[in-house]
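Presented as structure tokens, the chain that follows is alone, the form predicted on its own.
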């Protein structure tokens, strides 16, 4: 019966925006979600869904790139990569010998690193240091059993094994048959309690190549990186999640171990399990496998605040690439009362063919190929940006495109939006939320994040109430308050002609 109630609740919520129906849906979830906290502070959510004999697991870590120490940008992302390299018992043919060699590899790397970047070493000596490091690294590699950790998951029918690092968090997830629940607890607790940082130097090269592909060789990636660095002067949102190249190179295994000890503490972890599971059995396994996890050094969250922007900031890139236009406005964090209105504003502006910007800039004026607005970039926990992105049609000047864009924004400030536009946007955002809860994995991911960072998993459904409370006047208010020239950072990608001149 609960299965059918759940499905009916989904359809009910998708089709309507009344508060009573949203609350009715929350009541269905309250009957299916149980929560508990271990003595060490690690939180668990269990969501019962017995439609199929499978379960999804999410480990949400309240640690992201904003928590990285100075000089070690990218370390949160690097740790995420290395979490898949196994444990003392998985991924090695002889951990005792491998560990001894890894310590020698570390010493050789630090010696080469200091000689190369601090100077003082002759070329022949530098080459000798590098050769020794590479020889020891290759010697350690002989003990590695490649991809052993993922293969264990796959061998037992696991799917969706992956992870993600963002500005505000890191998340690990996978799905397994319901009769393999204990296997997940064993593997996940082992890699979090006893990380080995195997293949550290090899994986750093993987991350550097990832950076080259996503940023250094990608015009959009370079534009976004510079936009954030210019829009934020003080707050760590300005640094790239993937890290600066020299920071990635200079980070050592000891740096990574220190980051792990400071941040991968039980109080920063929330685990969500969704599927065909028994809450009492999950509680028993949690105590057995995660109970021994100890708290270490308490590291407070960042307190750096971005100072108010006092004037428009601009930058431009020249190159053979497709021209593009970016602008970003400082706004608020996800907990602020204005966030739902800003979400709705971005939807009204650019989502679909009936949106304001698409209709005007793409269809009517023919100025843009693409146009999109986003709220909450690049993160949620701290005051973020309202970002607008546009690709002009061939021959269109970027100044002409930006003037037309600003005219649309000014029209919303002066005349507001229609009730029809607002209702359409509410329905779309509501549908987005519900679609994300249809699968076990989507459900576990969304509820884990709300439990860890939003004041509890019920806040997922509070958002629906907050959406319903927005009227056209509120949309006009947030547009007027935040979309101001002095609060704006602008980036332009200008096409450089073969003759050396510039054109947009």
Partner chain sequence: MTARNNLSAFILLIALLLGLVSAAPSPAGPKHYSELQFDRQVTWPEPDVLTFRLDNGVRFFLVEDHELPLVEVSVSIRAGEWLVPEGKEGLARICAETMRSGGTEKHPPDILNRLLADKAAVMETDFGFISGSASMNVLSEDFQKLLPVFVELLYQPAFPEDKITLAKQQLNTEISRRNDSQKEIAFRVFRKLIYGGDAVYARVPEYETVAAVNRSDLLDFHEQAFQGGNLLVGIVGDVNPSAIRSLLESEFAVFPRASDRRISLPPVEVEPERSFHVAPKSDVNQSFILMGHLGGRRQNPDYAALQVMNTILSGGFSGRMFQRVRTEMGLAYSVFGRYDCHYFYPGMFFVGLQTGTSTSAEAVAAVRHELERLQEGVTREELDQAKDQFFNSLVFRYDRPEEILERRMHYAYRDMAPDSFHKLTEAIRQVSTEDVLRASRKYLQPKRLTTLGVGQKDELKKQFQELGPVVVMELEPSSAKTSNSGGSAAGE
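It should be emphasised that the depicted structure is a prediction, and the values quoted were computed from it without experimental measurement. Residue numbers count along the first chain shown, from 1.
There is another form of the same protein, the form predicted together with its partner chain; it is not shown, and what comes next is about it.
No member of the trio 97, 103 and 246 reaches its partner chain in the predicted bound form with any non-hydrogen atom inside 4.5 Å. Of the heavy atoms in residue 348, none are within 4.5 Å of its partner chain in the predicted bound form.
Under a 4.5 angstroms non-hydrogen atom cutoff, its partner chain in the predicted bound form lacks residue 93 among its neighbouring residues. With a 4.5 Å cutoff on heavy atoms, residue 139 does not count as touching its partner chain in the predicted bound form; it lies far away. Under a 4.5 angstroms non-hydrogen atom cutoff, its partner chain in the predicted bound form lacks residue 168 among its neighbouring residues. The contact with its partner chain in the predicted bound form, taken as any heavy atom within 4.5 Å, belongs to 155 out of 257, 135, 155, 310. A heavy atom within 4.5 Å of its partner chain in the predicted bound form is found for exactly one of 116, 317, 413, 151: 151. Annotated contact segment (heavy atom within 4.5 Å of its partner chain in the predicted bound form): 360-368, selected among 360-368, 376-384, 119-127, 301-309. Heavy atoms closer than or equal to 4.5 Å to its partner chain in the predicted bound form belong, across 170-203, to the residues 175, 176, 177, 179, 180, 182, 183, 186, 187, 199, 202, 203, ordered by sequence position.
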